[in-house]
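Take a look at this single chain, the form predicted on its own, given in structure tokens.
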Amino acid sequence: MIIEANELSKRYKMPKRKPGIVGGLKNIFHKEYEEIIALDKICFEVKEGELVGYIGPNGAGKSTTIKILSGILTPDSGECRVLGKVPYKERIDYVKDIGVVFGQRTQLWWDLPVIDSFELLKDIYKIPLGDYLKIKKELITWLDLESFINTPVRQLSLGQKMRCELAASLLHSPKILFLDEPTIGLDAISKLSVREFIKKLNKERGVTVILTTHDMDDIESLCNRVIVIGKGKILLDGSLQSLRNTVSKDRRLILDYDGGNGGISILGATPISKENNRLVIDFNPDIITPADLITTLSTQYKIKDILIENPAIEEIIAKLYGEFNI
């Protein structure tokens, strides 16, 4: 295994703040704290070359996990090994093998042209000149950076900046890439560009990727495996399909019709909406097959078009959080 996390735990002490002037004075002379459990004995393993989605609500422990795995934080208990090293104990030797992108932080110098930041990172990571020139050329081509590579970072759009952040994190050819909200705030075109690059990097270079995001389209388009965390605990670890089956086996039928107004009372089928000549039904294929459902509906409606799909992954995740009271 390229990543091994064994019973990692992390707690924080947060000061309690009382409202008002009197409360403010009490806070000065008598501080009270509450303990926040960020991680509670989490365990998981990641194989080389996997692209894993690490998802959960705000405050679930995602960023804390990434910071421990990248060597920024030290856990209170438990241990982890990445590439055979303990990240927070062997950080200087370890960081040459990983790349990290935090969507709301930067490793580029704000007032300098992008290419100058790349040159500085070359020296920091002690990348041989020949290797640097080769990988720089590939990244500029892959991420289409040529038109703004000489532009100061502060003048870039958010999408351009994120593509440069990805390139900067890969100049030293890391074996593992940690991505924390890499598409946050990006427009649709920029998101597609970043997704395609991550997919290409994983398939063609075999780079192991751990992706945390609230954008479920990122997860659905990129990840075959998801780890769901909530309240510092691992709730589920498996494929997207196993996640769907764990929460609900339902599929969704969308029917457009020209006429008909039959009642919807079919065993194994639940109507979701019916408006503007469009009927949306969730159904359990273990109870009623798609063919039988369509046959029944065709006796009640003049069918124009039919689409069968899985419910949106956001709905599945929301149901999972509901089951765990998160």
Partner chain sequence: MKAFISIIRIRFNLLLQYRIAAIAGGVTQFFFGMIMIMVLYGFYSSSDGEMPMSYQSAITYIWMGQAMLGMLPWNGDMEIQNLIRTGNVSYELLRPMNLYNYWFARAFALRTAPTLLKSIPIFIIALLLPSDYKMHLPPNVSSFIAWILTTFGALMISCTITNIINITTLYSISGDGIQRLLSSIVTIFSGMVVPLPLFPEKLKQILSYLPFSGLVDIPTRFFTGEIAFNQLLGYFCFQCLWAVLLYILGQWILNRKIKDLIVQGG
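On a predicted model such as this, the values are computed, not experimentally measured, just so you know. Residue numbers count along the first chain shown, from 1.
Although it is not shown, the form predicted together with its partner chain is what the next lines describe.
Exactly one listed residue, out of I140, V95, V247, I198, brings a non-hydrogen atom to within 4.5 Å of its partner chain in the predicted complex: V95. Exactly one listed residue, out of I176, L243, I234, V101, brings a non-hydrogen atom to within 4.5 Å of its partner chain in the predicted complex: V101. For the three residues D217, R251 and N277, a heavy atom within 4.5 Å of its partner chain turns up in the predicted complex in no case. Contact check for L145: no non-hydrogen atom falls within 4.5 Å of its partner chain in the predicted complex.
Proximity of R91 to its partner chain in the predicted complex falls within the 4.5 Å heavy atom cutoff. Within this chain, N224 is remote from the site of its partner chain in the predicted complex, having no heavy atom within 4.5 Å. Using a 4.5 angstroms limit between non-hydrogen atoms, K203 is distant from its partner chain in the predicted complex. Contact annotation: its partner chain lies within 4.5 Å of heavy atoms from the stretch 124 to 132 in the predicted complex, the single such stretch among 188 to 196, 234 to 242, 124 to 132, 78 to 86. Of all the residues from 47 to 74, those having a non-hydrogen atom no more than 4.5 Å from its partner chain in the predicted complex are S63, K67, S70, I72, L73, T74.
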